[in-house]
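We begin with a single chain expressed as structure tokens, specifically the form predicted on its own.
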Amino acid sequence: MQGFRILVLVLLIISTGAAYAYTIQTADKGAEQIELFGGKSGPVPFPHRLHQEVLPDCAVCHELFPQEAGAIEKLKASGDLKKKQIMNKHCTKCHKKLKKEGQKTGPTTCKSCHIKK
């Protein structure tokens, strides 16, 4: 009987933790639109909410950088990210793959993302 009580308690803790984790992931959607620093080529308007709706999991992008404003620039400044690492090896790679599959996708060239002011 004691073993059963412990099992029930463990399952309750796990399910409560899972529900809490789900709430954290879904409660704060972040900004609808974000402007990313784009260096000399100009800023990059980023439709954050659209990506949240299309991608199955935030970790698709956020495995590379934390979910906080300015995270990409901080990682570049510290040398933990290379200058074009995310855009070239992640964003455009994904967009080109979707385009090749005949699916609707975002831009696949640098100039179609960067906006000169």
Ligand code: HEC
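Since this is a predicted model, take the numbers as computed values, not measurements. Heads up: residue numbers just count along the shown sequence, starting at 1.
The form predicted together with the named molecule is left out here; the points below concern that form.
- prompt: Is S41 one of the residues lying within 4.5 Å of the named molecule in the predicted complex, judged by heavy atom distances?
  reply: Yes, S41 is a contact residue.
- prompt: Can E68 be called a contact residue for the named molecule in the predicted complex at 4.5 Å between heavy atoms?
  reply: Flag for E68 set to yes.
query: Using 4.5 Å between non-hydrogen atoms, is D57 touching the named molecule in the predicted complex?
result: Contact with the named molecule, yes.
query: Going by heavy atoms, what in 59 to 90 lies within 4.5 angstroms of the named molecule in the predicted complex?
result: Result: V60, C61, H62, F65, Q67, E68, A69, G70, A71, I72, E73, K76, K83, K84, Q85, I86, M87, H90.
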